[in-house]
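First comes one chain, alone, set out as C-alpha cells in the form predicted on its own.
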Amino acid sequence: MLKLDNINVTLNQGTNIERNILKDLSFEVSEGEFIIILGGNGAGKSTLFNIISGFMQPVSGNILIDKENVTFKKHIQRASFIAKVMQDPKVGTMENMTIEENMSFAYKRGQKRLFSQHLTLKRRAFYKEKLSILGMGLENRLEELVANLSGGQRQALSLIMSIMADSKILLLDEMTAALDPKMAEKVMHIANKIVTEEKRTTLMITHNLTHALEYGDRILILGDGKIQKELSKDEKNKITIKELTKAFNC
C-alpha cells in the first residue's frame, strides 16, 4: 500500500545551517495496517507526515502508494487519497460554518466543491449516519455552527470528516494531545473502531505510550531521521510502558 524508499530530506541545503531531517528512511505499510509512530522532538515525525501528504518533497528517494510513484505530486493532488487529522481541533474544522457545511466540504476532498449540489436529503442522511458513530448526538445538530462545539467534539468531527471520502491512507498527527484525558480516550476509541472496522491504512504519531501499546499493529520508533527500532504486534503486546520508554529513549 505505502512504501517509502531511501527518503532524504534536507533543510537549507548547501548553506552552513544545512540540516538532514530524514536520512535514507525506508519502510512499508500494508493495506489496512495501523502503524504507531513514536519519536522525540526533532526526530522527523512531522516531516515524515508532510512527505507522505505532499506538503514537502524529498531531496532523494521515492514514495509509492499502491505501486504508483507519487513523490513529486503536490498535496492538492494527493488530497483525494490521503486524509489527515491534526493535533489542534480548530485546524481540521471551520468554526464559522455549520456541521453540515463542514461535512460537505470534507465529502468532496480533492474535487471541486459546490455546496448547493450536496445539501440534499440523501446526503444529509449519509452525514447523520457517519456522525452517529461518535455517540455524541452531533447527527442532530447539523445546522449548528462548529464554533459552538467543544474541543473534543470538534476533534471527533475532524475524524469523521477525514473518512468521508474513500481515502487510501489516514494520518493521525497527535490527534488527542490537545484533549482532556477522558475525551482523549473517547476519541481514540472511536478512531480505533473506525480504522479496524473499515480496514483503513493508518499511521498515527503519538507521545501517549499507553495508546501506543493499546492500539495499532506495529510501532516504529523514529530518531535522528531514521527508524531506530520496530516492534511487531506480538512484541508490543508483551512489552511494558517502562520498557517502551527505555526503547523510546535509546
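Since this is a predicted model, take the numbers as computed values, not measurements. Throughout, rigid core stands for the largest set of C-alpha atoms superposing within 1.5 Å between the two forms. In case it trips you up, residue 1 is the first one in the sequence shown, and so on.
Form predicted together with a small molecule: not shown, discussed below.
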Point to revise | Heavy atom within 4.5 Å of the small molecule in the predicted bound form - the one residue of K45, H211, K186, R218 that qualifies | key: K45
Study note, to complete from the structure: If we test each of D180, E95, E144, E174 for a heavy atom within 4.5 Å of the small molecule in the predicted bound form, the one that passes is E174
Revision key, fill the gap. Within 4.5 Å of the small molecule in the predicted bound form by heavy atoms, the stretch out of 24-32, 187-195, 37-45, 64-72 is 37-45
Review point. Do R19 and the small molecule share at least one heavy atom pair within 4.5 Å in the predicted bound form?
Key: yes
Exercise for review: Indicate whether L11 is a 4.5 Å heavy atom neighbour of the small molecule in the predicted bound form.
Suggested key: yes
Check your understanding: When you overlay the rigid core, is the Cα of S232 off by 2 Å or more between the shown form and the other one?
Key -> no
